[in-house]
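One chain comes next, on its own, written out as structure tokens in the form predicted alone.
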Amino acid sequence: MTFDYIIVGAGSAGCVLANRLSANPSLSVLLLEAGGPDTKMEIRIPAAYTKLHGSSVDWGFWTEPQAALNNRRMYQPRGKTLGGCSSTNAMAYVRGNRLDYDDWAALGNKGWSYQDVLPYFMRSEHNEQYAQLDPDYHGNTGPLNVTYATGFQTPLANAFVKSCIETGIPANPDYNGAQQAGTGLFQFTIKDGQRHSVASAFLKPVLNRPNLKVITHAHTTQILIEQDRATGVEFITGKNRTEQALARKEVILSAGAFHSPQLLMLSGIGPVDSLRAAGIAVKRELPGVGQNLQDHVFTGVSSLCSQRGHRPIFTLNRSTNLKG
């Protein structure tokens, strides 16, 4: 099999790339995903995302013991299905801080400043609230739907926001706008009450393009390299059969924060000492590969409360009437 572009990983980046590249009918695109189709019922239900952890659509990684956390190992859920983590996460739509993008640009990565990437964020989204309220930062013509939670909203949410404001934290209803700091409600990638993953937004609408081929249950094991150039990939299919695909133009690695560096190292690209220790032939020394992973560790705060108003609270398994 030979294609112009081969994309490894059908997650938040891979699905978008497959959509954009295959929009040119003169290009052929192969998209490989190690997981299966996103048919699991809980993927559609926003409140069911925790049911996906440890399931068939989760890689279920754990860290090594962390010295700063009393040597505990931390659970690292990663999506293993079309849409990747966008099919299994909590759907919060957070672009990140503008200073991070500006720092990347200052380090020499041309085109990565916040003002450079903002038009792409706007092009990609259909924001139900802020396309009109804050048109300098939001769009309403993109495929990815962004909105507030449309189902039941506990009164505790607005009470928490109000309490933050009373303690001096500024109100900021649009943290994806001009200023990130402040307090407000989350924006979510939800549409018509269901999860709106990148697979739903970008991939499924273009699956009928004749120049786009998607293979699920295809676990990429190696990037094929000839004369310092990535020429294709080797992957294992669901039938446990090893296959190869060749790329005329580029191999695009979008397998996530864990699998992308792993695949580079399995292919001989990375720190020399680590590769040699694992018995992997060095194709290109690149010391940063597999290093400096930084996670946004957080913890929840739980407490008992009495919710007045006899308002029912619904869960996936039962409904309960809490009386204050």
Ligand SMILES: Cc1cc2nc3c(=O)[nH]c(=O)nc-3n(C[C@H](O)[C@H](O)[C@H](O)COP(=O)(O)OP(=O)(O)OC[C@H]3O[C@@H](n4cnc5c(N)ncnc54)[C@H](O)[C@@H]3O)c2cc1C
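We number the residues from 1 along the sequence you see. All values derive from a computational prediction rather than experimental measurement.
The form predicted together with this ligand is left out here; the points below concern that form.
Heavy atom of Gly256 within 4.5 Å of this ligand in the model of the complex: Yes, contact at 4.5 Å.
Test of understanding: in the model of the complex, would Ala18 fall inside 4.5 Å of this ligand by heavy atoms? Ala18 lies outside the contact set for this ligand.
Using 4.5 Å between non-hydrogen atoms, is Leu32 touching this ligand in the model of the complex? Residue-level check for Leu32: yes, a contact with this ligand.
Is Asn127 close enough to this ligand in the model of the complex to count, meaning some heavy atom within 4.5 Å? Although this ligand is absent here, Asn127 would stay clear of it in the model of the complex, with no heavy atoms inside 4.5 Å.
Only one of Asn176, Asn172, Asn89, Asn145 comes within 4.5 Å of this ligand in the model of the complex by heavy atoms, so just point that one out. It is Asn89 that has a heavy atom within 4.5 Å of the partner.
Out of 151-159, 97-105, 134-142, 71-79, where are the residues with a heavy atom within 4.5 Å of this ligand in the model of the complex? Comparing against this ligand in the model of the complex, the contact stretch is 71-79.
So which bits of 210-238 sit within 4.5 Å of this ligand in the model of the complex, heavy atoms only? Residues within 4.5 Å: Ala218, His219, Thr220.
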